[in-house]
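Below, in structure tokens: the form predicted on its own, a single chain.
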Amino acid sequence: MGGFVERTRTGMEGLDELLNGGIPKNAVVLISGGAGSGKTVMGLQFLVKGATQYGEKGVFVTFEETRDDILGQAAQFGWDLAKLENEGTLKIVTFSPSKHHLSFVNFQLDEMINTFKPSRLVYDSISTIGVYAEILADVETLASLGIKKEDLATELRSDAITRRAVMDIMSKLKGYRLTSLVISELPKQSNFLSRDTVSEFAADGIIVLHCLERKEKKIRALEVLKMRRTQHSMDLIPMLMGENGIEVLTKEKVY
């Protein structure tokens, strides 16, 4: 792929091997999958391993769960997020579409990135931007996204604002110069790789998580569909979620 590529190790057994040592540093990678496929766990594990194994600060940004929910989910895998917060290696930032305007969210993230100076970020999830769509339909926000309110037909407004906001967020994350995982819900039988249908085009990498039915048994698997400056398999690779988190079984395939 030409030249040395500095990489951010995920700390997930098998995944770094699959990615020739990890995710390219400062890349924005879309983690997409259905409900229960392990997206949030992968994001948390990425931050925990960064803090505990590689000495890298991380930020977990969530729009869908409370701080207590995140702490509880992490505790199932033996990850003490409160301890990491106290040690100054992790921040959990929660927002709510009903309480926080998107411009406020972006301002708060800018301030936090500038003061905390993390190396890793997880955005859970960009699918929530669709919930913001109606809230976003005001003159100030439309102007900040370069959209004239009178140019949007009413029936197209939410869609157009959502897509423009997603592209703006992806661009902002790239500008932070962090290695970021952006989580997206993947609707069943979708022809796209994200709910918003545009974030996959802006991302530097795409990892899709699956929860498959095989002979009345559920099997977890992942696909690396895109990763810039990285030679990788595009096969469906088995994935386990055990007591220590996610493990990718790179020597096997699911058929």
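For every residue, the number given is its place in the sequence shown, counted from 1. Just so it is clear, the structure is predicted and the values come from calculations on it, not from any experiment.
This protein has a second form, the form predicted in complex with a small molecule, left out of what is shown; the following refers to that one.
S.K.: What is the one choice in 73, 94, 89, 108 with a heavy atom within 4.5 Å of the small molecule in the model of the complex?
M.R.: Exactly one residue meets the criterion: 73.
S.K.: Only one of 62, 37, 45, 230 has a non-hydrogen atom within 4.5 angstroms of the small molecule in the model of the complex; which is it?
M.R.: After the contact test, the surviving option is 37.
S.K.: Does residue 210 reach the small molecule in the model of the complex, with heavy atoms at most 4.5 Å apart?
M.R.: Flag for residue 210 set to no.
S.K.: Contact with the small molecule in the model of the complex for residue 176, defined as at least one heavy atom pair within 4.5 Å: yes or no?
M.R.: So residue 176 does not count as contacting the small molecule.
S.K.: Would you classify residue 41 as touching the small molecule in the model of the complex, given a 4.5 Å non-hydrogen atom cut-off?
M.R.: Answer yes; at least one heavy atom of residue 41 falls within 4.5 Å of the small molecule in the model of the complex.
S.K.: Examine residue 236 and determine whether its closest non-hydrogen atom to the small molecule in the model of the complex is within 4.5 angstroms.
M.R.: Looking in the model of the complex, residue contacts with the small molecule do not include residue 236, since no heavy atom lies within 4.5 Å.
S.K.: Going by heavy atoms within 4.5 Å, which of 50-58, 199-207, 27-35, 221-229 lines up against the small molecule in the model of the complex?
M.R.: Selected stretch: 27-35.
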